[in-house]
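Before any questions on binding or motion, here is one chain by itself as structure tokens, the form predicted on its own.
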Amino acid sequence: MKNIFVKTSLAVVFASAFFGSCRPKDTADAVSGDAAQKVYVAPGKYDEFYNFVSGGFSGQMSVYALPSARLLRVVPIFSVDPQSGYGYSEESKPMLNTSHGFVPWDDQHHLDMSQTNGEVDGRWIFANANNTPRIARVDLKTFKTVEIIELPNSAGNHSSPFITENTEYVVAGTRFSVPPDNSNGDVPINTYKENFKGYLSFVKVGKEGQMDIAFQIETPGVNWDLSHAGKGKSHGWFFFSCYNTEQANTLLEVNASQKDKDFIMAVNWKKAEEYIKAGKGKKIAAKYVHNTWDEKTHSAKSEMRNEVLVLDSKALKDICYMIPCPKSPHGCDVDPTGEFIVGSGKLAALIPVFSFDKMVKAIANKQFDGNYDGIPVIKYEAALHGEVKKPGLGPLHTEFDGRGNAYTTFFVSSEVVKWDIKTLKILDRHPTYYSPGHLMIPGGDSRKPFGKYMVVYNKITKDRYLPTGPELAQSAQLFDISGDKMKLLLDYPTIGEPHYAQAAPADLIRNNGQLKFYKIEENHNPFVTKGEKEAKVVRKGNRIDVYMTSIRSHFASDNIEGIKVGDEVYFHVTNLEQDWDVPHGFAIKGADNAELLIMPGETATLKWLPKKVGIYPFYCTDFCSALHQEMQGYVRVSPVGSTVPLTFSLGTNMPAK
């Protein structure tokens, strides 16, 4: 039997290689004659949509405009950023704290935008950290990461961060089951079935966006892959795909593909809330970190949490149900009505579509086919709406246009397929270049998709762009889906590696009360310098605090003497500008971390350790005016034990004539 599965796996791999390296057929009309006109945005004009794209191994989020595909900005989330100083400045360092210490990178896969009544609302976007499990919240008024919460009892935070239709919860499922944090983790790996558990985290989101882990659900030890919340009629439920129901711990490509069906798990989170109110949850010890950014002080703080509330899915029989789904399901998507749940088995030759109404009826009538590790298994046919037959090879992800149509990517056959949700008939298919993973329709996972464009994110580019050595660019392709047939408009390289993405109308984001600059009088940073007369340099032992201002086109102070080798120097730089789009940078020779990029009215701090005697220039790194080059200063570093007094000056320390 194992040989059969090995051959099957190899066949998929070879097919993938074949389709990935060869140009799909019938591509002569891949781009219509008016494609350039449809993606052209005239100079000075705005695009229709903001497109937020996950950064993959970069740990950041990239922001593109659609339809032009112009890159607008890269937002650091779980990664340090030398350009802005995020993760380097003293104020922002706490944002990257974890129970494992300071972790300045991660594998960022999925994004989900806040919703109200099931519609995207432009307030926040949430991001997952796959490696060191975390969820972040980016404020779309500032395009800054303002909160990061670590997830205990988790490893491989892949099924995340998906939200309920009123942003009550942002939810995460652990990809790698591991022993719980409060148990003895020093166990043999081959005791997976006995000692390894999965966890689903329900993170409550407050009115101002603040996050807190409300509860976790302990599940059997499987690999939770992806998820989506119910909506409309299915609001109150959450759906998670999983694989490795074989509970293998080695050579998963063979051992986790033994069964014809794995599962989609339906979670009744409203019922879970009832159990919590009834005192059925259990608080267990768990250390995890919660980091928050304060816009008033322009600084972050980090807090260690010590326990989490857990519900046991085995003991509470009516909060979790398993729906069989072929085969090694990856994508798990819910249509805009909330009635249909689409499972996409990576190794399946069809797409199963489940009915929420039929699922609820099956639960009421106890149409079960036994249980999986204590969780009831609903009979496949009892929950099934139907199957999309022979859609393609390697179905992964599905999005919706709001007109009754679904669009699914096929990794192996390198295409995207359009099909009717109710009749399950295939309506159109179009080649992609090549091996697509996720796709995105603006609002396509909400109750109100915008349905004009679709972007497909490809894993392989091969011959699409100028080669750049062994590592090729990742790519995206923009389609017009406003008509009966999909039309390819544009393909363009992206920052690697794009996974899940979100998009919303530009007016929804840019008119959400975006913060354009910080008012000096509202700056409550403890090291703020609100005018040049307040500039000073203070020594406490070997710590030097430099209170400095920047304005076009000088620093105050711009000459500092009396610093010694071995001192710890903190440059607290306040940008006095009160005009939009006039940031200032700050860098000093020998700095082993980064520069600062200080927004108008903001204060940021750079720590600098002088290691050698000498004169050290500092300067503005962000072009600010015609006299940008003149915006500089000097620090004099003397030997240990020097008697040079600590002085600072601006415009007075001139050489004698």
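Keep in mind it's a predicted model, so treat the numbers as computed, not measured. Residue indices: 1-based, along the sequence shown.
There is another form of this protein, the form predicted together with a further copy of the same chain, and it is not shown here; the text below is about that form.
- The closest non-hydrogen atom of R429 lies beyond 4.5 Å of a further copy of the same chain in the model of the complex.
- For the chain shown alone, Y547 is not a contact residue for a further copy of the same chain in the model of the complex, no non-hydrogen atom being within 4.5 angstroms.
- a further copy of the same chain is not shown here, but in the model of the complex it comes within 4.5 Å of a heavy atom of K589.
- Although the partner is absent from this view, E381 stays clear of a further copy of the same chain in the model of the complex, with no non-hydrogen atom inside 4.5 angstroms.
- Contact with a further copy of the same chain in the model of the complex, defined as a heavy atom within 4.5 Å, is made by none of Y169, D312 and L350.
- The single contact residue among V289, V205, V412, I319, judged by any heavy atom lying within 4.5 Å of a further copy of the same chain in the model of the complex, is V412.
- Scanning L72, I375, V360, V565 against a further copy of the same chain in the model of the complex with a 4.5 Å heavy atom cut-off leaves one residue, L72.
- In short, of 161-169, 447-455, 482-490, 521-529 it is 482-490 that has heavy atoms within 4.5 Å of a further copy of the same chain in the model of the complex.
- Residues are counted as partner-facing when one of their heavy atoms sits within 4.5 Å of a further copy of the same chain in the model of the complex; in 181-213 these are G185, D186, V187, P188, I189, N190, T191, Y192, E194, F196, in sequence order.
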